[in-house]
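One chain follows as structure tokens, the form predicted on its own.
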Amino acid sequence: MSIPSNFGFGEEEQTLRDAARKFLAEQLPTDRLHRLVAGHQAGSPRWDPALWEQMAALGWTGVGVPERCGGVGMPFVAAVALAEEAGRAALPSPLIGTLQSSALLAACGNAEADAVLTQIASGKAVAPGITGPRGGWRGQDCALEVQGGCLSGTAHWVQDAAKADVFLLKARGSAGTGLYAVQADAPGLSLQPDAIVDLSRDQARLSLASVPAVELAAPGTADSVIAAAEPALFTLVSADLCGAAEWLLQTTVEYARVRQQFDRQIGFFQAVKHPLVDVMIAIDSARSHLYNAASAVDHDPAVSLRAAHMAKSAAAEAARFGASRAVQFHGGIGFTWECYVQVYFKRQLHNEALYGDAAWHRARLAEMLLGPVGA
């Protein structure tokens, strides 16, 4: 099976992306975003639930949900386009986690998972909690245990936990690890917020004490479900990185056109314009990898993991490079609170490490192509 020349990005997907870009530009201009995150505190995220309700009404949460569950049933590339626009707007919302959860639930492929997908289509926010205390999401790196249909222990590194209605949690039992759905308002569940650099999202540890859960993947099968969803998990974060990188580039180019030094616009000087061209090339390369990975999920699953590793590595590198140039070329105001660049810079730092940084993904790619290190 081959990947289409347009990456499967047809007229419907383009219409969705353009409508999302217009909607976010109108509803969340950068000055409003800046005011929104100004009061950010760990455990008290600043976001607009009314905006989330509008997004759900537009069908964004259901983009990755099949029609049988009340969703839109669009290809994965459409979800990636939405994630890219979320990054471009530095959108404080549980959208990325909800789209990732849709991929995990689709990999489960049972009635229980379909019930949660139906909740997503209706506008519920779902957050994956599959990462263990050491940062891994496969194997025995898990601090939750399941017994008698209830979960106890701790789930770590849960993104946008304070915004979620449902959690997808990995838990260990006598027969291995399984995947479970837990309602955010379930008795016995509490959140301990983490202090993170990103102002546009929150992160928390979940403490559970005999919390009732719905089994989505039987004990011993969680790793296979997560492995099937990994290409989507990595690619959606890559999309967020690429969207934010593009905003930083365009904002910095515009600043270079109007800021004057030595009686010239600073964009005149090679020390500014050449690195900006390098940033543009890095972003274009990352976006090519991004949509190749998204299309592989839709059309060529056999190569989708390899493509997703390449996309996350390229996007993380482009984000780091572009964010650092944006701060530097804004000069003395680049690192101040009043400069909007800092909101995006911090989001990029967080996304870069989320689900593995560039070096980690290159190492996994090398193992896939060359075999284990030292073999």
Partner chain sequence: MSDSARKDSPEQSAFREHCRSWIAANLPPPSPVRLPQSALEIMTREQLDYLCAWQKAAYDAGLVGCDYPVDCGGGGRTDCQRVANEEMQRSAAPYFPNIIGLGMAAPTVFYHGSDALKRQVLPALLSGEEIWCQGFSEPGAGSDLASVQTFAERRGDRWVINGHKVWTSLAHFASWMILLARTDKSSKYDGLSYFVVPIRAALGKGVTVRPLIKMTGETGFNEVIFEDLEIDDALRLDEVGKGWTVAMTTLAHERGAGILVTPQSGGSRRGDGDAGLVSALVELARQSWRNGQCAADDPVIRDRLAQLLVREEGFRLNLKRARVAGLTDHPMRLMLQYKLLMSEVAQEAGRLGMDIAGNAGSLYVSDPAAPQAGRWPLAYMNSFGFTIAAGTSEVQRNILGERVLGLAKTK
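Numbering follows the first chain given and starts at 1. Since the model is a prediction, treat every value here as computed from it, not as a measurement.
The same protein also has a form predicted together with its partner chain, omitted here; what follows describes it.
Remark: of stretches 213-221, 168-176, 279-287, 122-130, the one touching its partner chain in the predicted complex is 279-287 (heavy atom within 4.5 Å). In the predicted complex, Ala314 approaches its partner chain with a heavy atom inside 4.5 Å.
In the predicted complex, at least one heavy atom of Gly135 sits within 4.5 Å of its partner chain. For the chain shown alone, Pro49 is not a contact residue for its partner chain in the predicted complex, no non-hydrogen atom being within 4.5 angstroms. The closest heavy atom approach of Leu249 to its partner chain in the predicted complex falls within 4.5 Å. In the predicted complex, its partner chain lies within 4.5 angstroms of at least one heavy atom of each of the following residues of 292-315: Asn292, Arg306, Met310, Ser313, Ala314, in sequence order.
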